[in-house]
Ligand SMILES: Cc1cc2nc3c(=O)[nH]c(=O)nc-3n(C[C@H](O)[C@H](O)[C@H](O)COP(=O)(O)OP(=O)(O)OC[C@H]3O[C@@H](n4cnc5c(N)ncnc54)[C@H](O)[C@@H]3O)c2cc1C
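Take a look at this single chain, the form predicted alone, given in structure tokens.
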């Protein structure tokens, strides 16, 4: 206790009372991200309002060797933002706001705690599109999006978060501020330092500000829900859409197991009969749906699709997306979520192998597949009737073992965190892991930044 008291005393001298919380003032939500796998309250919660406060906090933590867990919107599903025993939690919720929109350069500079939807609306008001978009847009924060290199529903056109970041500011473990707020699209001046922090999940530094590349705001969009008889037809449809549909911005696939459950949950019957697959096709930058209608008519004539519904209003488009976002799954007990990446041509084969392997161990399991087919990202929803640690580890082992066999990635967009750490070697070589550990040792020699996350023990 004397060491803890000295640590808290040092924080109290550096921070005002509104920024520092200890004891009963720390809310229970500081334990865990949306995976609900966190079990520990931190010994202190710091809610900074400036990079200077972040720097002071990290310097004190480094001096006292206290672990630091950075938290944003807490929407992650990999346990990456879970507090650990004896840690300090650094919440960036008060470091929010858009600082600048450069309309000439098409860039936005903003603080890491800014909620994604807030940034999207600010960009739209200025006549731009912020290309990053996730289902959790109303609560996730830009800093967390960058720290996990979030993907989302429009990667097929605009890329993952990494592809849209021009510069950022980050604070190292010892309190050093690295301000690399580049606003230039061309800047070939040595190492691209921002890439060290994008996708690092708070293990190399704390992201505090960023510069995001904006895109012109599309004029209109068209959305269709398409029914297909098999996965092979979906592959052909994607290839033809990429080649012949200008402004393709989304291509989201749902297996019937997912589509049927999610549609029922929304109280919707969108097709007259059941189809093995459903795909949302979205075209941006078009004044009407004529081009999409003509394209789908050709696909029907070629026998690739079985049925298609073209949204006649924004309300109908939102219904399609509501099914895709699958709120009904939030009510399914003991749900286990997976987020993997497999070569597009083998996604169908992978899903068959994965479901068979799960049902071999859990015959009555609910297993459903959906995802961002255009960028090889598949989500898997599994419920086996229990979610205790032993069951979770067993199901993880089954799914990630199949991912390894298909030479895929155990994480497409949710990060590694604590829950996938033990399986990282399924997707990364020993040489890659050794280099990651060397970078970690260089930037965080005392190992205070999010320990136990992302990197498995050597």
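A quick note: this is a predicted structure, and the numbers were derived from the prediction, not measured. Positions refer to the first chain, counted from 1.
One more form of this protein should be noted, the form predicted together with the ligand, which is absent from this view; the next part is about it.
- Listed residues 77, 299, 130, 165 were compared with the ligand in the predicted bound form; 77 is the one with a heavy atom within 4.5 Å.
- In the predicted bound form, the ligand stays beyond 4.5 Å of every heavy atom belonging to residue 210.
- Mapping the unseen interface onto this chain, residue 223 falls outside it, with no heavy atom inside 4.5 Å of the ligand in the predicted bound form.
- Contact check for residue 136: a heavy atom falls within 4.5 Å of the ligand in the predicted bound form.
- Although the partner is absent here, residue 371 sits far enough away that none of its heavy atoms falls within 4.5 Å of the ligand in the predicted bound form.
- This chain is displayed without the ligand, yet in the predicted bound form the stretch 194-202 from 284-292, 233-241, 194-202, 356-364 comes within 4.5 Å of it by heavy atoms.
- Residues of 327-350 that come within 4.5 Å of the ligand in the predicted bound form, judged by any heavy atom, do not exist; none qualify.
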